[in-house]
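The form predicted alone is given below as one chain in structure tokens.
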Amino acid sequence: MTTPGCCLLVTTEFQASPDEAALLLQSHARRLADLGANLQPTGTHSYHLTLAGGGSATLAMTGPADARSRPAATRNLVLLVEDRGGTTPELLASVIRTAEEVGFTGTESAALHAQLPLTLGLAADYRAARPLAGIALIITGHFVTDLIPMVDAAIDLGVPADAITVLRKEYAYRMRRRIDASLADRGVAVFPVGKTIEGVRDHARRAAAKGLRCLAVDDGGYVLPALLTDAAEVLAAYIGVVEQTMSGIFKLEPFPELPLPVLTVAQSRLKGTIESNWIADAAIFNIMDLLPDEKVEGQPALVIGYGNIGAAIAAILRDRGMRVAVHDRDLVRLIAAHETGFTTGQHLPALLADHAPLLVIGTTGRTSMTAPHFLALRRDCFLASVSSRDTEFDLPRLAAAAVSVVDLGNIGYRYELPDQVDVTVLADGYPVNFHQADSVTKSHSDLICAALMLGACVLAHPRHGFADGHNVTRTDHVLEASGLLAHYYDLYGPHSTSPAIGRSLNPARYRPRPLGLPLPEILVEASP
């Protein structure tokens, strides 16, 4: 957290043992010295800094003011810039960034690992076989905390840490600085998704230098479209893609002939059946958190898209007392929504005008609202996306139609349309379930993370049996034959004895253990 003003206060909270906290303070003091700061100890846990240009600051390690108000072992790394002096803005920004970039401590990593027993259990099963040895892995990732255990699992499975690349989605993640630092601590390369072309090229170059084959675990269809267009010269270095979102599947539609196998977790029964409720819960929680003063009971809402996630969101909104309408271009889904008791309509502009929703949630993974739809709005309303990227709503068209656009900070932007209609786009049009949060909890995301890592292990096998293009049936068989679902049911079914909060607070007891999963070659040979 950074507090602006004539003085600058930067506070980064973390959990650590006393020894870890002391080492972390020393490490950050050295990093600030590398930036040219002159450091003088002022106590056991603090330094006075003289910055180039005459600025002065204090770096200190503190505990919370009220220990009972925060988790056990909570510490704060505090940077207080008392006087900026003649310190340049660029240097000051580097000093602040250094204070914010606190990698996860051993205490925190153990707690994170304990919350992903399937992903880390899979890694424990396969650690000796090292099925990803010989692979350079590129991961498109949300910068939420489960990314770190997933990267650690890949390393356990045989990928050299410096042969991993993460393509970072540019959402408003609460832990972004800390995850950046944790990846840097491991030697992992990071590129923003806006530089996917450079990322896939650099990844192929580094893989070739190590004699490794490239494999992608994608989230949103970034890697393969890049390889089929601007980075086609490195396509031959890649052997396959594991894709986890329907948005990514849609991004592949312009390419009827795919030259690589796609293990499509996105279209699997495992993901489609189990994940939707978690995503829906996270989305509604974050929407209500952004709008604490809004009374939604009795108000109209509209859900665009009645797939698994859209259906779950519509049900939650109705349970909260909202009057819910649904639109879907697919007539089968629209009829399903109608026969579930929702107001429905085939013509979206008419439904927007007649239902006059206070809240519109887009879940299609495509662009669901554009100019004619914005002009059909009859009242002030909020738009929220639960799709990858910021393409669910045609924001350039919305901006063009607006009389003015107002920045509302962490809430998003308000577009003031003619006829005194204000449209507030939450989370800047990015998926609201990831806005300044971890989206679904780590225990929820564990099954999908494990499925993605299992998919990577299978595609790395030379006789994986996946044809070029989409492999929905074979993906289902491999995932369901793996035993992951049986272990998930044991963990969270009717006879569960290990609560997630217990694993988080007592990680030593719930250290991830081998699951006894069949090796990838057995799954491959058993698949039809």
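This is a predicted model, so every value here is computed, not measured. For every residue, the number given is its place in the sequence shown, counted from 1.
Keep in mind the form predicted together with a small molecule is missing from the figure; the text below concerns it.
- Only one segment in the set 407 to 415, 426 to 434, 453 to 461, 91 to 99 has any non-hydrogen atom within 4.5 angstroms of the small molecule in the predicted complex, and it is 426 to 434.
- Gly310 is the sole member of Gly310, Pro131, Pro357, Gly199 with a non-hydrogen atom within 4.5 Å of the small molecule in the predicted complex.
- Interface residue among Thr245, Thr145, Thr140, Ser445, judged by heavy atoms within 4.5 Å of the small molecule in the predicted complex: Thr245.
- By the criterion of a heavy atom within 4.5 Å, Ile304 is counted among the residues contacting the small molecule in the predicted complex.
- Looking at Phe191, you'd find every heavy atom of it more than 4.5 angstroms from the small molecule in the predicted complex.
- For the chain shown alone, Arg333 is a contact residue for the small molecule in the predicted complex, at least one non-hydrogen atom being within 4.5 angstroms.
- A residue is said to contact a partner when one of its heavy atoms sits within 4.5 Å of a partner heavy atom; Thr105 fails this definition for the small molecule in the predicted complex, lying far away.
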